[in-house]
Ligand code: GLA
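Next up: just one chain, as structure tokens, the form predicted on its own.
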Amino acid sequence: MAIRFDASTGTFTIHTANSTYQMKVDEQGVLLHTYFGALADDSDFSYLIVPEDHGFCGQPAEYKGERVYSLDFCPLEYPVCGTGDYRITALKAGPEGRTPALDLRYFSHRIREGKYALPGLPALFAKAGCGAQTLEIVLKDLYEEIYVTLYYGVFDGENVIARSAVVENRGKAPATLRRVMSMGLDFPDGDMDLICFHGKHVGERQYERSALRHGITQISSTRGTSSHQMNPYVIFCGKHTTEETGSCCALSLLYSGSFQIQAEVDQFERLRVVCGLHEDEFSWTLQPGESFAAPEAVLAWSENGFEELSLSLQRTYHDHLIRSVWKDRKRPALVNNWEATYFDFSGERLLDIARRAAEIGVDMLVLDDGWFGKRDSDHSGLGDWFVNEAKLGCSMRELSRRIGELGLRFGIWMEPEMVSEDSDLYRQHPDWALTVPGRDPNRCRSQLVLDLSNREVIAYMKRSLDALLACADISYIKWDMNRSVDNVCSAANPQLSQGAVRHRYVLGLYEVMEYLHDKYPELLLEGCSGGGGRFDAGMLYYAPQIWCSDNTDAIERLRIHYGTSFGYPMSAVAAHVSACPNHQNGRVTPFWTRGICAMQGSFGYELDLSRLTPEETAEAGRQLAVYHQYYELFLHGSYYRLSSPFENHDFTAWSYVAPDRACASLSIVYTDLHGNARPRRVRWRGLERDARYRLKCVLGTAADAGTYTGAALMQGGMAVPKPECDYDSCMMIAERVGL
């Protein structure tokens, strides 16, 4: 069993393939955290907790004059406000109208087969035969009928532990929740580095590593989304941890709204980590008999560097988080008309692009913004999800039929969460937008946010989606969201605590997406929020791919993809070839380089294919042929970061290796050129040592490179071909030819 309870010591020990996690119920019923790290045994690790009088560390009431036991010193599994623990806490709650203070003690536990679920929230699921187990530990307040159930979902083969907390009010009066974290975790040593993935619009998930300092370090978003600025995924690691060596711990929150991850190095050089909903503006009334579930957090541990950590999470999210039927299907190579036409298009203009797309092997045309209501700029029309047939020159059904006759599928863009003030919807229902009474609302991109805590809004969104999907043969929806959430006040629920609106908004979003998933299982849904503003594990539960960034420049995408790869499967990264000069930064890169960069994820084009030169058309055909031929490698292969664009300014390299190691790809993009440059090499990883591999160049300017053993390619490496121009690149395929 992965989960074991020793009644003689009061210890719960969780083993995965490569890690051990342990808790202990002490003599006072306090649930202590005793160990998380490399695979160990069932020993009681509480011997590492040395009781002492530490001064200004208070004691629980039952200890009275005794000073060696303090919850301000003990490592705690789920720390709460009100126990004399002055460090960051996971829960701040209490009876309504009274000081929030709890003192949670062990009440009961249960170990069962399978993985727990969280109704209304994304969570990992267990496939048949995967051997997942669930541990439930119930804690109860000493004074009130408030209970907290800690959930642990263990995927021992994947080296992953999922966690959540559910707060229940079994009393006779309401309780108020002011802070609810999904988990807490105490490390005995705070001398660690923190890796986070910060960013901005068109510059998401930038890798940053820094030493933890005394006090509280916070990674968070208050924008109503997981945000472009900070991602709900972090790594804690040793000072000398690298891709292939050293200890590290990943923490990923499966949530798409405002979040908070805090790390505190305390007075004794120890580290406490908590993560969950952002506490700003949060207040939740829990009526008698009600419960509140915190979003799920996922933990993974590696003793062998970041590579093992990333591969574990990527496999777990592909196998146990993404539910779409498309996760193992060949996803269509598509062309999106946005950067080709923006708002200026007609049905015939779209058909011109579709004809060229069909000629070169594209699978789908996606119609982006501007097809609905009065929508020729971003100042009007959002919310009016009826087809502008005058603009198209035909019905949507006719357009999709003609595109289908060319052999292409048809997809469409929507932004269901938003409303323009110049729209029929807003004129009919101004109270459906989030606004603060008596104040002119803040605007962004000339739009307001619909109140998804309002059941009428949720119903309208479902009707709009049903009507759209009934009006044409639509295979794909790109679900966008182009502003942060503020003016957070619900006119529809004035009696509701306004501190609950942000979370209820996310729950409403998930409800609509679950509706789509259940009613239209064949629909391919792509998430988007101005690009990568909502690229999080929670969204993957509903959408198997996410538009990674509005920045389509191949060179800037190297950094964005690099950061994304640490915590997410690359098959979820939607990436396209765009026109040059690039629309975001004006850079000019070779057409083949744009294709190689975009082939790190779900591939497509973001340009006017009807205007390609003959040379570009031929290159696009080669790209699509490679994408189709090696799709299974890119979808199911293990992804290796072979050089970092944050450290190596000459080139960036990455590879995919098939599960049976019979085939692998290696891509190199040159980011700087030098006269009389020194020879460079790159080491492959993940190959079969004793096998022989034939290397051939399938994209770019390099030549085929001969036949070598896996050991030679991994230890000696491969000489990096000399670049022939700015931002040159190549993609090599290694095919096993024998042992």
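Numbering starts at 1 and follows the sequence shown. Bear in mind that the values here come from a model prediction, so they are computed numbers and not experimental data.
Just so you know, the form predicted together with the named molecule exists too; it's not on screen, but the next bit is about it.
- Just one listed stretch, out of 98 to 106, 82 to 90, 206 to 214, 547 to 555, contacts the named molecule in the predicted bound form at the 4.5 Å heavy atom level, and that stretch is 547 to 555.
- Contact annotation: I161 falls outside 4.5 Å of the named molecule in the predicted bound form, judged by heavy atom distances.
- Not displayed here, the named molecule is approached by C528 to within 4.5 Å at the level of heavy atoms in the predicted bound form.
- Among residues of the shown chain, K478 is one whose heavy atoms approach the named molecule to within 4.5 Å in the predicted bound form.
- Not displayed here, the named molecule is approached by W413 to within 4.5 Å at the level of heavy atoms in the predicted bound form.
- Just one of R349, R445, R355, R178 comes within 4.5 Å of the named molecule in the predicted bound form, counting any heavy atom, and that one is R445.
- Just one of N482, S400, N454, T134 comes within 4.5 Å of the named molecule in the predicted bound form, counting any heavy atom, and that one is N482.
- Taking a 4.5 Å heavy atom cutoff to the named molecule in the predicted bound form, the one contacting residue in 318 to 348 is W338.
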